[in-house]
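The form predicted on its own is given below as one chain in structure tokens.
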């Protein structure tokens, strides 16, 4: 809810439908962006006054082998649909984010990471091959041995090279639908990183994630709770045939037996502010100290998809925007830099309401966020009047990250500046990515708002149809949680206009 835009939206169900959208883009001289589940925090799939190709109707499982765990599917299949299809056969997605509503196409385009990224890397490390449809209507088969340069650029390329219209993925063998989970209470940054190193070292936990109380300061700065989790081995689950059923993973429709989960955001809203979240964080830390060291079992879905436990959770932010800032830093620089980042946020009066720590490893993808180190994701509640202050804070945090040779993740970004990719990945990597883009998309048809924000504006594709012949059905911009004063004039309004029509 930090930005909105107006676009023509195409919802294809076949490869031919995607081609139709590209042909219309060419005919009317419009840029194109690609959309999966719509879970990016910023403008990764927005395309103001252009075309958005929404791939969520392409949901077929094309091939599945319960013997090998290899699956091929269309890009609109969600993580939820994927695990529900394969778990009864004893297979789980190799990497999952905090919500199961992400599509496979979006997951690959963003090269998502999870709580096990320190051990298995991002999802791209488990993609065997994919098929790419370019704006020139060429179909390209990509793997580590065939068109490998495109393979390593398109994974993490955020849909800027073409449409990934089928993905072949290696799933992970599991012997139970349960995990063994150990919570560890930590009182400082030093203890946070010590717990991570213990749980991730020597082939220990399969998953590790840390919660940080960003309101804490001084000697208690960095306090929080770390969770390590292990898959159960053969024979450890007395009834795997029951826990591997999709129905056994489902969360109940109500919370505490009385409140509908779909309405939880209404209960959360009074607490989603500095005063409320300070209390919530303090209470969570106290309860974490009580549960620390008490190993218990938890379902795969419950542990993995915390964001799905409260549907519509983003609505709890009310009229304010949610900006997430996620910084990735080398292991030797992370403790001090993260302390500075949280401390500066406190000094500026913009304390993150939620902070999550993960550990990562290096990978081979061209514009990867992955490195041998840690990431810290910070959620900021940003009212309209604080937008400029948030941008100023983000610039200051960028300086800390860049001076420590850190990286960023486009799926979580809404503040990075023009030229940031060269500062993060180097001019050679950016030049290579843009050279591949020119080869696959010579007219620069694929131009999301994210692309123009950080790479710069590219000349639009040539126009072969007059504007008055363009289709007139527009998708309205999202104004969830905002009133008229906050939304302001529509994004297509001419300067000085309070109202306007699509130009």
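As the structure is a computational prediction, the values presented were derived from the model and not from experiment. Numbering follows the first chain given and starts at 1.
Just so you know, the form predicted together with a small molecule exists too; it's not on screen, but the next bit is about it.
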Fill in the blank from the handout: For the small molecule in the model of the complex, the stretch among 215-223, 263-271, 152-160, 397-405 with residues bearing a heavy atom within 4.5 Å is 152-160
Exercise for the section: Could you spot which one of 330, 98, 383, 343 gets a heavy atom to within 4.5 Å of the small molecule in the model of the complex? Expected result: 98
Handout entry: Contact assignment for the small molecule in the model of the complex, among 424, 112, 82, 357, heavy atom within 4.5 Å
Key = 112
Problem - 4.5 Å heavy atom contact, residue 93 to the small molecule in the model of the complex - result: no
Practice task
Decide whether residue 35 counts as a contact residue for the small molecule in the model of the complex under a heavy atom distance cut-off of 4.5 Å.
Solution key: yes
Problem - Exercise: residue 47 in contact with the small molecule in the model of the complex, heavy atom 4.5 Å - result: no
Practice task
Please check if residue 307 has a heavy atom lying within 4.5 Å of any heavy atom of the small molecule in the model of the complex.
Solution key: yes
Exercise for the section: Tell me whether 121, 211 and 374, taken together, all sit within 4.5 Å of the small molecule in the model of the complex, counting heavy atoms only. Expected result: no
